[in-house]
Ligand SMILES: CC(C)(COP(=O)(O)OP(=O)(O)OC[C@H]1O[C@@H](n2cnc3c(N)ncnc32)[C@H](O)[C@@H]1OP(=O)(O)O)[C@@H](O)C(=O)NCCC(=O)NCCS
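What follows is a single chain, given as structure tokens, in the form predicted alone.
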Amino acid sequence: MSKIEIHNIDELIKEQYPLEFIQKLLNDVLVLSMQVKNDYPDYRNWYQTIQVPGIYDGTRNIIIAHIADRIVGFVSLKKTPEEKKICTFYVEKNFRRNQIGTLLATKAVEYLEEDKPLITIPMDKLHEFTRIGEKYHWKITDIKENLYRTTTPEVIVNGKTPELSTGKPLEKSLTKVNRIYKIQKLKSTLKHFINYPQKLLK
């Protein structure tokens, strides 16, 4: 594999890269992220009206992993006095297990100056983050239904979101909750399978 390079847009702007080049990168990230965010309400609008302007006012950033001219992963970040958050974390499927996720996570915590940033992860994607989560000792603090999507619960890691009610933190590891989720999913599938003939007869 060719060399993996990591750059962040905040630094490219400070180094006065051409505006057209920056805009192309931002658009390429949007196109890539729509593959995983297409079922998040108003994601495109959020990206264009909140994430991108935030890069220019110093409250947000996007760190990109690329091989030659191809973006293979990125992480969108929020950094304010009130909140340090990983908003979107993505590595292209064909390029996973090449340390790209680890490199992006390292750069993200360096930029945020926080090794336990807030991040919300769809329950069905939790297994993709267990290795990084265990490395940084990330802890699940809540699980929220219908936070962003109705199709799967959102796992809250390292904190709480404004939408969450206060309560006792779960304080469970990503690995443990992922295992519980798989067991529950299997039980649900088996229950449906077992009941199917009865439903058919009714």
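Quick caveat, the model's predicted, so the values are computed rather than measured. The first residue of the shown sequence is 1; numbering continues from there.
This protein has a second form, the form predicted together with the named molecule, left out of what is shown; the following refers to that one.
S.K.: Can all three of Arg60, Val109 and Tyr136 be found with a heavy atom no more than 4.5 Å from the named molecule in the predicted complex?
M.R.: Negative, none of the three is within 4.5 Å.
S.K.: Report whether the minimum heavy atom distance between Gln99 and the named molecule in the predicted complex is within 4.5 Å.
M.R.: Yes - in the predicted complex, heavy atoms of Gln99 and the named molecule come within 4.5 Å of each other.
S.K.: Find out whether any non-hydrogen atom of Asp115 is located within 4.5 angstroms of the named molecule in the predicted complex, and reply yes or no.
M.R.: The answer is no: Asp115 has no heavy atom within 4.5 Å of the named molecule.
S.K.: Within a 4.5 Å heavy atom cut-off, is Val91 in contact with the named molecule in the predicted complex?
M.R.: Yes, Val91 is a contact residue.
S.K.: Is Val36 one of the residues lying within 4.5 Å of the named molecule in the predicted complex, judged by heavy atom distances?
M.R.: Residue-level check for Val36: yes, a contact with the named molecule.
S.K.: Going by heavy atoms, what in 123-142 lies within 4.5 angstroms of the named molecule in the predicted complex?
M.R.: If the 4.5 Å heavy-atom criterion is applied to the named molecule in the predicted complex, 123-142 yields Lys125, His127, Glu128, Phe129, Arg131, Ile132.
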